[in-house]
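The chain that follows stands alone, in the form predicted alone, written as structure tokens.
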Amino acid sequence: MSDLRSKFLEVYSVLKSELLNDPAFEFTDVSRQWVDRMLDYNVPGGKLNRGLSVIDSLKLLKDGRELTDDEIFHASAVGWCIEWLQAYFLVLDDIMDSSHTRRGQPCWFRLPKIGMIAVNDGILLRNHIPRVLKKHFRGRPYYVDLLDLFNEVEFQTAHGQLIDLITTHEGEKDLSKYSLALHRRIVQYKTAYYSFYLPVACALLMAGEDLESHVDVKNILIEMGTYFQVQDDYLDCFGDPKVIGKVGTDIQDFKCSWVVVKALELSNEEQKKLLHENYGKDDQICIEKVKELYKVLDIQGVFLEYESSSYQKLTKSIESHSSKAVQAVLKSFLAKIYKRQK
């Protein structure tokens, strides 16, 4: 795996060099240095799971045979396009949320002399994706489908972000707006499409498959993405900060989290009142009151039950798929996230 990761990082260097010397734009030394630094700061710093998943998935779709160097390069290039998409979302998301840190370092826009230039940097990150695809895939039969897929997933993610923003940030803080249906919709569009469906859909296209005939695969991956986000919401409140690498802030940030939606469902009138009065306040006493209520309602037990039933349901859906290779892809995704601690 570390060998694959180092090969993947080598491809990043190749793509970056091509973008910094793209003949469509006459760079000055200063602008080239800016983009060089901006890319290194924002693109390769995460876990790279989405990008690496394209290579893993393509290998499994080819029945586990070793990929050729050419296949690894092209799967890596597509994988990096997903990482570029992620970087574009995060740079702009951090500005919208007035965040301070990302991946253990200050958000890009918080750095000296960056500020709102980061908005344009986000746009640049987005525009790099079709440049990479054009250079390396223009002659491939799936080129148009690949472009179309990235455009569609970006459309879905931006609209998921919209629902999240207008629910969390707009007007009075009103918990009564929050429901499982709303939570699911935000998660499906904001996270599941680009984090779970996109890497597998890219691999399917590269393996010569038609996405129209794999709607069931999309549905399973969206379910998996929803389960992943519920875990994230749970870990934000109950995870060990030493393990997850950050202190959760969903309570004070008034997030439409699965945890609070479940608590609202299970609360009596008095408990609901307590939630309405204390949720979304950046005050340690209010946060503790909310956490104490979560304990009383046994949200941890409710989550473990949800996790178990989701796992069984997903496994059943995966095993009913006609292709053993597709089953292997979906099972490898599920194995990576089941009972994760961070």
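Here the structure is a predicted model, which is why all the values come from computation and not from measurement. Residues carry their position along the shown sequence, with the first being 1.
What follows is about the form predicted together with another copy of the chain, which we do not show.
Of the candidate stretches 139-147, 230-238, 267-275, 249-257, only 139-147 has residues with heavy atoms within 4.5 Å of another copy of the chain in the model of the complex. In the model of the complex, none of the heavy atoms of Ser179 sits within 4.5 Å of a heavy atom of another copy of the chain. A residue is said to contact a partner when one of its heavy atoms sits within 4.5 Å of a partner heavy atom; His100 fails this definition for another copy of the chain in the model of the complex, lying far away.
Taking the partner from the other structure, another copy of the chain in the model of the complex has no heavy atom within 4.5 Å of any heavy atom of Leu111.
Using a 4.5 Å cutoff between non-hydrogen atoms, Val30 counts as a contact of another copy of the chain in the model of the complex.
Out of the listed residues Ile244, Leu175, Ala207, Ala158, Ala158 is the one that sits within 4.5 Å of another copy of the chain in the model of the complex by at least one heavy atom. The partner is absent here, but in the model of the complex a heavy atom of Glu152, alone among Glu223, Asp216, Glu71, Glu152, sits within 4.5 Å of another copy of the chain. Residues of 3-39 that come within 4.5 Å of another copy of the chain in the model of the complex, judged by any heavy atom, are Asp22, Ala24, Phe25, Glu26, Phe27, Thr28, Val30, Ser31, Trp34, Val35 in sequence order.
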